[in-house]
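To begin, one chain is listed below as structure tokens, in the form predicted on its own.
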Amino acid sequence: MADKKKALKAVSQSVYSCRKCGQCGNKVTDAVPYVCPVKETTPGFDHFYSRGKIVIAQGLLEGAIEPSKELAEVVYTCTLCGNCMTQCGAIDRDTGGPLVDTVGVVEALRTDFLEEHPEWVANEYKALLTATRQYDNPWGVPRSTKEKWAKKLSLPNALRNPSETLLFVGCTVASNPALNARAVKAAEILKKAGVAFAILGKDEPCCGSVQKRIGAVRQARDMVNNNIRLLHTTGCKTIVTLCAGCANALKNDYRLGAEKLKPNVLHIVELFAQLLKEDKLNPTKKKGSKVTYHDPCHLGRHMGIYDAPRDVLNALPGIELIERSATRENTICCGAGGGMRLFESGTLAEKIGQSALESASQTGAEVLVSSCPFCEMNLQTSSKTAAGSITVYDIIDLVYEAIV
């Protein structure tokens, strides 16, 4: 890394634009109880949050700091939630985006470590990349597993029976039996609304989001290029995802290369909101619940989708939506992003999830609702040891209960 630092050099403008003021770790208001979830759940030294990581990046660029195993551990202690960039507030006049792309800097640090010093990167990350190469999914399950959820539904395969709408389930939902029901319910809801759609089943590729976040940029780039060609083969006009990470990857990452993804990309909550406005969904079954919504970082801060899930929840009879003090762009991260479920066996991710659950419990809500399988998994795990009692659902569950 001392000689190359290729990825880090590419984001050096962000590194040198940072004024090291520390707001990215220390800003506290009524709407922002804390900025960095990692800083909040660790001893809080600078290297645990953005300012410290920027200082490390600058030191590596200038040769003042040598790469080490300890530094590798530091750059992987980040959920990539992006709240530091939101709370910084400094805007690049040319692009309109954040002046200091902290997420980009951390991803660059990871890329350089993974490519130049893989021996210092935790084996869990390398095992995920190996699983992806062998099975085309990060969880190491056979391709056939990804279509088991649809066996009884008789859904058309998009490669053999093209449809204008493709339901992109995502590896996490399709590969995990505990989450399979989300895909089944989503399909039933769309059928109820009269939406013609197809799936890829065992042919559905991994989107490459997880791989990119942990620094395997070249592997992710190859996946993206192959996936774009496959998705274009289906002839679909719209891709609907169940996973916030997939949505962010397909919407944003798939438009960065020479060949860009042509179909429109929607997260399922956006489609639900659209179908409700068009009166194609008729939620009549009343479920009396006080709920609070957890904005997934990929869906909220990275994509700006805040209104659609709230429009959906407000349309469900008997649902009372109560907002947390930290909500929308200020939301508290669930802890699962950026590969944190793999870091130290997920113990830090679980602590972050506990903070998110405690914040939700303080509203008096009975149910915490999200729209991302990573959020759901980590919050479910964290709920076993968190103070207070609150049930975790995916928004698909509540829509299904009100309609089907």
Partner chain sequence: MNTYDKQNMLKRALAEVVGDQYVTTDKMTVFAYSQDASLFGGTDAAVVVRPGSTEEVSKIMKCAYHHAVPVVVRGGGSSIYGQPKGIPGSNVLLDMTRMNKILDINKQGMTVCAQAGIMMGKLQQACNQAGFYIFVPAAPFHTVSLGGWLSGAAGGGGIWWETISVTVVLPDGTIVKTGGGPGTNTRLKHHYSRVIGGPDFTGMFIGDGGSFGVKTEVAIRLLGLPHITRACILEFLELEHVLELIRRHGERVNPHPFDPLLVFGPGATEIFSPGSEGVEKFTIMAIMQGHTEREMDAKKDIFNDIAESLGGTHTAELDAITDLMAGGGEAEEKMEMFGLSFFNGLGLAAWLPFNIPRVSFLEIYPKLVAWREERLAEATKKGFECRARFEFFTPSDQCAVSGEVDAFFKDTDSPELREFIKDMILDYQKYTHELGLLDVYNQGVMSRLNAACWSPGFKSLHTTVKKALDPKGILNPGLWVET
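Numbering follows the first chain given and starts at 1. Not measured: the values here are computed from a predicted model.
The protein also exists as the form predicted together with its partner chain; that form is not presented, and the subsequent description refers to it.
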Gly59 within 4.5 Å of its partner chain in the predicted bound form, heavy atoms: yes
In the predicted bound form, Asp94 touching its partner chain (heavy atom, 4.5 Å): yes
Contact test in the predicted bound form: Glu358 vs its partner chain, heavy atoms, 4.5 Å: no
Its partner chain contact at Asp46 in the predicted bound form, heavy atom, 4.5 Å: yes
Its partner chain in the predicted bound form: contacted by all of Pro177, Val224 and Lys251, heavy atom 4.5 Å: no
Which of 211-219, 227-235, 67-75, 241-249 sits within 4.5 Å of its partner chain in the predicted bound form, heavy atom basis: 67-75
Residue (of Leu99, Ala131, Leu276, Leu261) lying close to its partner chain in the predicted bound form, criterion heavy atoms within 4.5 Å: Leu99
Partner-contacting position among Ile319, Val184, Ala122, Cys88 - heavy atom within 4.5 Å of its partner chain in the predicted bound form: Cys88
Stretch 23-60: residues contacting its partner chain in the predicted bound form, 4.5 Å heavy atom cut-off: Gln23, Asn26, Lys27, Val28, Thr29, Asp30, Pro43, Gly44, Phe45, Asp46, His47, Arg51, Gly52, Val55, Ile56, Gln58, Gly59
